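For reference, the chain that follows is the form predicted alone, supplied as C-alpha cells.
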Amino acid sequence: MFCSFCGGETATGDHERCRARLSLIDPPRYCAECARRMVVQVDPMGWTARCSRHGERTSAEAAQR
C-alpha cells in the first residue's frame, strides 16, 4: 500500500507527519492502492479526491473511518 499524502510505500520510511496532515486538514493527494496522483476538489463543505483507476473518495467517507 501507499501513503495517501506523499505517495511513498507505507512499508518504508516514516509517514507519521503524513498521517497527521491527513487527519487534520489536508485531503489525500495520492491513491493508497496504486500511488497515482489524484484529482482533488476542495470546497467549504469538504473535499473530493478521484483516482482514475479506483474511483472517488470524499471527506465524509474519511470522517467515518
Partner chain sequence: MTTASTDTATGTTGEGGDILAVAREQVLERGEGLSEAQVLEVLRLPAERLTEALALAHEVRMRWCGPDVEVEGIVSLKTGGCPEDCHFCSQSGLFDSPVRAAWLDKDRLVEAAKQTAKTGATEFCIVAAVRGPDEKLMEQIRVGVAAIRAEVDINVACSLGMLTQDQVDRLAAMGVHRYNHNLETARSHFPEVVTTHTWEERWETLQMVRAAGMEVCCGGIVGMGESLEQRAEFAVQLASLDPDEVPMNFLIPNPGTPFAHLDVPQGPDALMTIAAFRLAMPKTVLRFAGGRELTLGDLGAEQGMLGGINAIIVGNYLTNLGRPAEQDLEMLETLKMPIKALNDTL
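Computed from a predicted model, the values in this text were never measured in an experiment. Residue numbers count along the first chain shown, from 1.
Form predicted together with the partner chain: not shown, discussed below.
In the model of the complex, the partner chain sits within 4.5 Å of a heavy atom belonging to D43. Looking at M38, you'd find a heavy atom of it within 4.5 angstroms of the partner chain in the model of the complex. Remark: F5 counts among the residues lining the partner chain in the model of the complex, judged by a heavy atom distance of 4.5 Å or less.
Contact between I25 and the partner chain in the model of the complex is found at the 4.5 Å heavy atom cutoff.
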